[in-house]
Each structure stands twice: as C-alpha cells, then as structure tokens.
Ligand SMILES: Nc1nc2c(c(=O)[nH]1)N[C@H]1C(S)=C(S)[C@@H](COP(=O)(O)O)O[C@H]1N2
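One chain follows as structure tokens, the form predicted on its own.
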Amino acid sequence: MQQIMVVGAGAVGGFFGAHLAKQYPARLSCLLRPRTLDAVRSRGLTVRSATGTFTVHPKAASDPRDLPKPALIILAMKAYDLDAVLDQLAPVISEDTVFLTLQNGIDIEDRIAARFRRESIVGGVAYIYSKIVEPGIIEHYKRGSVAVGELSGDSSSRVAEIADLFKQAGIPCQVSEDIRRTKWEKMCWNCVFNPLTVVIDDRVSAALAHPELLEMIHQIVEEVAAVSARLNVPLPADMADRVLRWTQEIRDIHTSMYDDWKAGRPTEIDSLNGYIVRKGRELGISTPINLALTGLIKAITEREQTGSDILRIDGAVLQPVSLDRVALAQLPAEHQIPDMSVFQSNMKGQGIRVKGLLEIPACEIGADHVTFHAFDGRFAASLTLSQAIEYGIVVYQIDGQAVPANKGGPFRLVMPGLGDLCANVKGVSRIEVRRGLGKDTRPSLPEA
C-alpha cells in the first residue's frame, strides 16, 4: 500500500494523519475541507501532546484528483459526512483501493458497501481523546490507538500490513479477530457517554457519580446489546459493567460530542443513539432510553431553524418562537381558517389567525404594535396589536402543500376587513412584537 490518503484532519484524522505523515512523508496525503486545507498549507498540521509537539507538512488538497492515487484510504471524518466524501472519492477508486473506517457508528461499512465493493473495506476503531484547537492544530490528551480487522473475521495480509503501518508510525494497533464486535463494544460506550456529557453539561466523571445515572447507563447498554444481538453480534452479559470499567481511567474527559456541541458543530447523535432507535424499530425492539437521549441531544444542540420556510415571532416577547408549516397546522382548530375563499373569493389556501400566533409567546408588558416582515427585507407592515389580532391571517398552505412563492408564500399575511388600511405582505418570515410603530413600507400608515 504505497500511497495512503487520510480523509479529514480533525481530532481523529489530524492526530493519526500527522503521525503517519511524520513516518511516511512521501506516501501520506490528506483530503481536507477548504478552510483546513488553507491552514495546513500555510502552517502545517500540528499535534500538541503531553509527550511533545510536532508539525508536519503533508501533501493536501480538497479534491482527491489533485493527490496521488491512493491504495489505502483512511476515513477519519464525521459519520454524517460519509456520503458526500464517497461522492468526492469516486473518481479515484479502483478495484484495488482499500478503505479503513475509523469513524464512530455501526453502519459505516454497509454504507460504503452500497457504493463500492464490500471486499474493499477493512473495519477500524479509534481509541483517542483529542480535540481541534483550530484548523490544522490538534491537542492530544489521552490514548491514541486503533484496532483493525476484516469484516469477515478472517486473517489477511492486508490487515497485517495496515497494522504494521500504524505501529511503525508509533501508533499502537491491535488486529481484532472480530472487528464487528469490537465496533459494537465501542458503540456501547459512545451511546452512553457522548450524549450524557452533553445532557449534564459536564465531564464523564459527573455521569459516574450518581447511582441513578449508573442505572440509566445499564439500561442504555442493554438496549444497544439487544439490537446488536438481533444483528448477529452478541455482546457479553456484563457489557455495561465492562463499559464502566473501561471508563475509570478517562473519567476526567469530555467527549467528542460534548466538544462538537461547545464548538457549534453538528453532533453524531443520529449515527449513535439515533441508529439504535431506528434499528430497534425495524427489529421490534423497544429502545426508550436511547430515544429520549436522541431527542434531548437534538433539542440541546441543534440551532434554531431559519429560512424562508420558517415563521419567527420575536421582538417584545419573553422568548422568541419559530414555527414551520407543520407546526402551524397543529395549532388549535379555533384559530385555523380551512378555506380562505370565505374571506376572499379569489384566494385559495388554509390560514391561521394572527391572534392564535400571538398567544404562543408571552408578550412583554407594554407591547402595542406588531410588524410583519418579508423574508427579503423589502416589504413590511406595522399594525397596532389590536388590528393584528382582529384582522390578521397568515396563509400557510394550499391543499396541504406549502404556498408557492408566486402566490406570496411560503407565508402570506392578509387582512380581510381592514379596508383602506390593507396590510397584505407576501413572503412573511418574521412577526415582530413591538412597543410603538415599526417599519412600514405601505404608502399610508395605519393610525395608532
């Protein structure tokens, strides 16, 4: 395997890629995102560790066609980037290319096999605690080893060669006789401590300090083990106790999910607990704790939705609220207008009264106006609170589908009954509660 390509230079790929580049400077290349590529080209790839700091300058590009054709591709990016990366790699894949998977998650190999030959895949597991300080700079704290093995469980010369590549670079590497089980064992740990450290906003040690959480840890692992058993990978009966034993020496750490959350990056929750929930449903296995953790992590970490298909209510309210079309359809029936033609004969669609929308957030004391803003910022109408409540309707769908832009959608404000003070606004994306009159692009303003 003369040429080696590492995909990604984050906490995992940056650490292992730098060590491999140090040992094999002519054989190692990195496929990187543009921002990381700029940093590595200008300053190199640096690893800071308790054992020392070093910098390498590997061949790097954001297009694999600009790098030497790889015999071995080490996938070290996040699981949610896999499909996009496989699209990128397709032009340089040959019958002889070997993939080594070092991502979290269980379905990585199956997803690769759906695109390329299953025989081209070697399974891998990374054991490391490190983090990205900034693009091209990795801080390494604990561990730093890998396990590799054939998915079939057979021994092979290529697995031995891969293991030797890592060992020669100073990276401990174990050849696993059952890499599928090895991956499921790490999955158990990941499904426990990655989400729990986010939920409690603390280190692993805090999750070990409470008897109630210890019981919860056992339940999480039992659900994971039930799914793995049905997928023909039985785990030991004492798997939860093993997870707890493995954790004692790293109890002072945060997790990769915690670090991603704090850095504002997406998490891998869908590839961890979310995968267990989806597989459990397929197999008829109940996974309530993993389901709860999946929902909690998404609620904690995912940023508020924005865009033309989101209606936001903000301003003089205690807490802003964002609603999509589905959420609007679920508001109380008393505020719904199932047929807008009863107000305007030429108008099709379903609407929601502004009165119902303004009952969702708690308005600040003294709020007396409401301004409706178009998504492109060009148009707005500012009304008294009483006018908005009495006359305002937001049209949000036609026959169960989003209102098209050429009909003023996705959200359109209409004010039937307001007469000469008509305040229709197309493409509404924001309802601003105010004290006093706000922006108004109509030729004449309504009286307060």
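Start at 1 with the first residue shown and count on from there. From a predicted model like this one, the values you see are computed outputs, not experimental measurements. If you superpose the two forms and keep the largest set of C-alpha atoms that fall within 1.5 Å, you have the rigid core.
Not on display, but discussed next: the form predicted in complex with this ligand.
- Here the chain stands by itself, but in the predicted bound form one stretch of 137-145, 371-379, 349-357, 292-300, 371-379, has heavy atoms within 4.5 Å of this ligand.
- Checked against this ligand in the predicted bound form, the candidates 426, 19, 434, 430 yield a single residue with a heavy atom inside 4.5 Å, and that residue is 426.
- Screening 405, 67, 389, 422 for any heavy atom within 4.5 Å of this ligand in the predicted bound form leaves a single hit, 422.
- Looking at residue 412, you'd find a heavy atom of it within 4.5 angstroms of this ligand in the predicted bound form.
- Shown in the overlay between this form and the one not shown, fitted on the rigid core, is a CA shift at residue 52 smaller than 2 Å.
- Comparing the forms between this form and the one not shown on their rigid core, the Cα displacement of residue 43 stays under 2 Å.
- With the core held fixed, residue 405 shows a CA shift of 2 Å or greater between this form and the one not shown.
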